[in-house]
Structures are given as structure tokens and as C-alpha cells.
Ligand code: DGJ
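Just one chain follows, in the form predicted alone, and it is written as C-alpha cells.
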């Protein structure tokens, strides 16, 4: 059973295939975190965390005098959910300002129940699945009628446990949430690192590792989006853990806005991790008889390092977070005109590109920015989603038909969340944009952000999008968001509620995404935010793929896609072959290498095919055929990182692999990202094969034992040119 309730011990134990998570109601009615780690036979593990020492300068609740724990202190015990104001001086998950102005809460156990299937969250993205199980534990404050419903979802096969908290106010007056984080995770012993994925625009999700010490270790975003700069995913790992060894706790927030994940080692060497909505510029009123739902957190524990953890996340995201017909279907191979033309195009140019691309096997043509209003540059027309029929040489329907007549599906670009000051919508409704009274707004890319905390603004954009999508045969939408939120002020809210705007914006965005993706189930939606500025589980709930980065250079993409893979599956990574010299860094890279890197993503083109040589066109034709051949293996196989691009002192190669779960077939990609003279031979050790089975590489005559390929590896031939790449197809002999 995934959930075991022991009423004698007052324990609540969650079991996955390989992990165990246990809580207990103690003598004071507090919900204590007992254990999270490797799966074991059941026992009450409270001895591991019980408060027997005398914690100095740690206050004791009066009620503890009636128990066997006279040294009991909230500042010492491991709570399942922690609160400011009750003698807790460490990191806390929640802070509640009561109607009388007091700060503090002491929630005690009320009830617990189980449900078949995974819980859902109203208005928020979340993992789903009838095969999962749900535990709901309800706590209540000792003084006020404030309830906390703790939701736990258990996916046994994926070793995945999800969490959310619903705060319910049954008081006669409103309360204020000054902090509302979802996760409070206690690790009572051990020394840990936090692995996180920092970056910037065109350099997203760079692997970085830091020791968790007594000072707080945190990552966060206050940009109104999860951002290029941090990602709402971390790994808490043993200090010596690696891809194949050690304890690793993956923590992913299913949210696309401001977030914070913090870890701290306390005075007693215990580690606490909290994760959820960033409390900066957050102050949310919960009215009488109202509720507040915290975004979901998903956790995977692995006792075999990072690779096992990553594959659990990959499968769960593909199968139980992404939705719709495209989540597991082969997605069309597309060409996007952006880097091929930028704003300088008309319908004839687009059709010419589609004509040439079709000859090479491309299936979908995507018209990017510049097709609407007076949009000949990025300074105007956002918000005016009316096709420019002069530029398109006719209606949008006529253009889509011309593309369809070439044997191609037709896609389109939107940036629905932003508005240009030079637009008809802004001239009619300047109040639709975030702007502070009596203060000139901050401008980024000559655009402002629409106030999606207001339903009338969301409805306006929804109606405009529907009008466009109904007007032509559109099969794909690229949904972009090219600036972050400043000038945070909503004219629809009083001054005391301005701390709600960031979260209300996200609720408005999620409402729009739910409505538009539900209305158009046959359209493939791809998320984009200046590339990878909103690559998170929240967006993947609505759109099964994300443009991984505006940086399309294959060598830079090694680090970007490698870092992204720790949480997110290959099938979610938008990856294209672009022109050389590259438009972001002027690097010249072999076309074959660009293709091999893009294979481990959604594979498409981002260039002007009408300017390609016959030799280049033949290579793209070959790549498309090869990508289709290996599609299922790449997109559905178990993914392994073999050689890291972040460790040039160890190897000048990057290598990754996908392998069938039964170990019968694998595909390895190697890329040499630096060159030197007298290079030592490089052997790549693969993973996931069957030890006692024999294999061939690329159909060769020589046979290799699975154990030898995994323990010794195979030699990568040396190619005497810059940035070489090879694929190695491993099959049973």
C-alpha cells in the first residue's frame, strides 16, 4: 500500500517503490516529520527525532510540562509544517498575521483521510493520475479557527511524492498570510549540498553546487517569473553524491512565478529545507470562510545518485504532468522563420521557405514575431492581435492555406502577456498595464506587462486569441514572454492588497492557459520566455515543451541541455538547428554536430532554408530521417548523463545517452567541445545495459559484453576538426 496509517503509533507512512516518508502526531498533537529516505519495513521512527536534549535559548510551550518531553521546543523539533511566532527561530514555511494583529500559529492534529487517485488544486497546475494515492492531514490552530489541510500525493512507480497546503480561515475576520511556502523538509542528520541551476538569458540552468552550512543557502526569483537566472528545482544531496552514488532529494516547485528555496543547518546540525512562493512582496488576505492554496511541490528521493532521480522526474513529467494529445505523441518537425528573417518577411518569403523545408522532410512551418498590427520591430503593436494583411499579402487564412498547400502544417507566435505603449489596446486601456500612480514606468524591450490579476484584462486577451485561432488553420502556438514584471501595482486592488498582485497574476495566467489549451486540444503549444526564462513544471502542465534557450549554438547548448536534464525530460526541450556563424555568439559548428545536439530535444530548424547549399539540404534531409528513426528511443528512453561539459579538467567531451528500459538498445551522443594537441584516448562508459548480454555498436562486426561497455566503455575515434560529434547506436548482437 502506498499510504499506511497506524492509529496505535499515530504514524502516517508514504511508500513508493524505493522510498519511505513518515510523519507522526506527538503527545502535544504536533505533526512531526520522522523520516524521508530509503524504503524500509515499517516501524515508528520517532526515536530518531524526539526532543530529549535541552536546547539552549529555545522556549518551551506550557503544554509540554504535561508530557514526557519537558525539553520540547518548536525551535528544536522537526515539524511537518513550521510557523513564525511560536518560538521557532529557524527557517519557517508559514507566517500568519491574525485579525488582532498577533503573529503566530500552533497547529495541532485534527484528522487524516486517504483518497484514491491524485488530488487536484483549484486554479493551479499539479501532477495528476488515477494510479496515485492521496493523504490529507488536517491541522487546526490551538486558538483561532484556522485550518491547514496538508495534501500528499504518492506515485509509487516514479518514487514521486507531491505536497500542497490549503489554508482555510473559519474566523469571523480576515487573516493575512505574510509567508506561505509549501514545503518544510527536515533532514535530522548528515551533511548535504544544494545543487541548483543558475544562469542568465541565453545561458540558462548552469550546474552549480554549494555546501549547506549554518548560514542560509537560497535560490529565488522576484521577477514575476521563475526566470533565466534561477530555476525552481534543486537537489539536496550527500556531499559525495554523484550520478550513480549517494542520497539525492530532488525538489521541484510546480509554479511559474516568484519562488524561493532555502536550506539551513541549525545549531544542532539538522538541515531544514523550505520551498514555495517567495515572501518578498507577498502579503495575501484570506477572508472569513475563504481559503488559500499553496503551489505544489514534487519530491523524488534516490539512494543511487542523480541519474535515478532524474529518470523518475522525466517519466512523471511526461506521463502525469504534461497533458493532452501531444504529451506522448511524436511531435511534428518544425521550422521557425525567426532567425531566418526576423521582422523582414512577407507571405511569399514564408511560403518559399516552407516549400524548400518540405523537400527536406519538415512538417510544420511556424511564423514568428512580426505578423500582426504595425509590428515591423519590437517597439510597437503588442496587444493588437490583428493580422497585418498587407505584410501577409492577404488574410491569415489565405496564408495558412498556402502553407498547407505545400504539405506543411502552420503555426504562429504570440506574446499575450505584454503590451506596447505604441498600440491601439494601450491607447484605449492604459490601465491594463502594470504602472505605479504618479511614477513613470520601467521600460523593457519597449513594452509593459499586462495586469493579469484582473479578469477583464485576461478576458480581452483570450477573446483576441480566440478570434485569431478561429480565423485560420493553426496547428501550433509559440507562447512567449519577453520581459519581467516591474511597476507592480493593480488599479483593481486597494492599497492593503497590493501584496497579492504577483500571485494573482499567476492565477490569471494559469486561468488563461487552461481556457485556451482546453478550447484548442489539437493545437501544440510551446512555452517560451525569452527562451528558457520560464522552464518549470508549472508551464509544462499546460504546454508539453519549452523553448530551452534563445541561444541555439550547439556547443553552448551542451551545458544548457545538460543542466536542464536533471529535472526535465528530453521531450520537453525545444532544440533547433540554426545557421552559422551562430547569431548569438558567432561560433561556427559543423552541421552534423548541430543536428546531433538538437536530436536530444524536440529537433527543428531555425534558419533560412532558401539560402542553404545543396550539400546542407542533403544533410538536413539525412538528419530528419535519422531523428525519426531514433525518435522513440530518444524521447521515451531512460536518460543518462555520461560526460559533463562542466568538467573540462576531466574530459573535453560531453556525452549523454538514452536507453530502452529493458536494456536492449541505446543511443549515445558525444561532442568534443574543446580541442588540444596530443589528446588522450577517450572511453565512454555507458549505462542501463544488461551485464551478461552481447552488443554491437553501429552495426559493426565486433561484439561487446554489456558489463564491459558499462565498466570499461568504448573508445571514441578522434576527429581532426573543430567540435566533432558522433552517434553510437548500441543494439543486441
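Residue numbers count along the first chain shown, from 1. None of the values given here were measured: they were computed from a predicted structure.
A second form of this protein, the form predicted in complex with this ligand, is not displayed here; the remarks below concern that form.
**Q** Which is the contacting stretch out of 104-112, 638-646, 416-424, 367-375, given heavy atoms within 4.5 Å of this ligand in the predicted bound form?
**A** One stretch meets the cut-off, namely 367-375.
**Q** Identify, from the list 627, 432, 502, 338, the residue with a heavy atom within 4.5 Å of this ligand in the predicted bound form.
**A** Result of the distance check: 338.
**Q** State the residue from 73, 86, 482, 134 whose non-hydrogen atoms include one within 4.5 Å of this ligand in the predicted bound form.
**A** Spelling it out, the residue with a heavy atom inside the cut-off is 482.
**Q** Please run the contact check for residue 547 against this ligand in the predicted bound form: heavy atoms, 4.5 angstroms, yes or no?
**A** Residue 547: yes, in contact with this ligand in the predicted bound form.
**Q** If you check in the predicted bound form, is residue 478 within 4.5 Å of this ligand, heavy atoms only?
**A** Yes, residue 478 sits close enough to this ligand in the predicted bound form that at least one of its heavy atoms falls within 4.5 Å.
**Q** Taking heavy atoms and a 4.5 Å cut-off, does residue 531 contact this ligand in the predicted bound form?
**A** Answer yes; at least one heavy atom of residue 531 falls within 4.5 Å of this ligand in the predicted bound form.
**Q** Looking at the partner-bound form in the predicted bound form, is residue 445 within 4.5 Å of this ligand by any heavy atom?
**A** Looking in the predicted bound form, residue contacts with this ligand include residue 445, since a heavy atom lies within 4.5 Å.
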